[in-house]
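Just one chain is shown here, as structure tokens, and it is the form predicted on its own.
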Amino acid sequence: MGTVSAVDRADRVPDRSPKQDRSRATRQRLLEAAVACLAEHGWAGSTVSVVAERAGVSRGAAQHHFPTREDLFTAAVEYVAEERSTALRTLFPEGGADREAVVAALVDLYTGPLFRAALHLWVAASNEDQLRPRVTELEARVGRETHRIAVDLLGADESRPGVRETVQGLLDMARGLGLANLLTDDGGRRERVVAQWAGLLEGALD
């Protein structure tokens, strides 16, 4: 009985990469659809069935990837937050030479569908014991990463007294502008605040 070569064995092993690619694509569609649904319909109107329909997959396929509703929506907000963090770093590959541009980009993190979706998730977590610890942990992780990005892009030296609090104050301000933007899109006011904060940072961080 002849031996089977490695090449022969490889020929007999089915190529699973197309299936894995489809699985990853399905997961990504579900995550993006979940954020869009949460931003548009809130927690009460965003069921797994609604998300699956928007993503163009069956409810069973959605539950295969995310067994519970909490799994789906916490993963969705984290996924998009990571995507935006990556995009922010890509926008300033050499660091943030122009601090006003960096401040404006950080403020933009707290506007748009992602922030609206996250806000709905926070409100739901404040009323649902099962969801609260997961969202609290998620918010802590996203907050730490955003702070690290801000420190890097601003060239902030957190070993200096008050610098860490200054960066955190900037992010708190950005979140506040994001909340205000939910009701009225006052771009002019936002630009003035961004310019003022950029000036304050020049004195506080240099």
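Owing to the predicted nature of the structure, the values given are computational and were not obtained by experimental measurement. For every residue, the number given is its place in the sequence shown, counted from 1.
The discussion below concerns the form predicted together with a further copy of the same chain, not included here.
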Of the listed stretches (22-30, 47-55, 173-181, 64-72), which one has a non-hydrogen atom within 4.5 Å of a further copy of the same chain in the predicted complex? 173-181
Might Ser126 be said to contact a further copy of the same chain in the predicted complex, defining contact as any heavy atom within 4.5 Å? yes
Does the 4.5 Å heavy atom contact test between Leu91 and a further copy of the same chain in the predicted complex come out positive? no
Does Ala156 make contact with a further copy of the same chain in the predicted complex, using a 4.5 Å heavy atom cut-off? no
Would Gly143 sit within 4.5 Å of a further copy of the same chain in the predicted complex, counting heavy atoms only? no
Taking a further copy of the same chain in the predicted complex, which residues of 132-148 have any heavy atom within 4.5 Å of it? Arg132, Val135, Thr136, Glu139
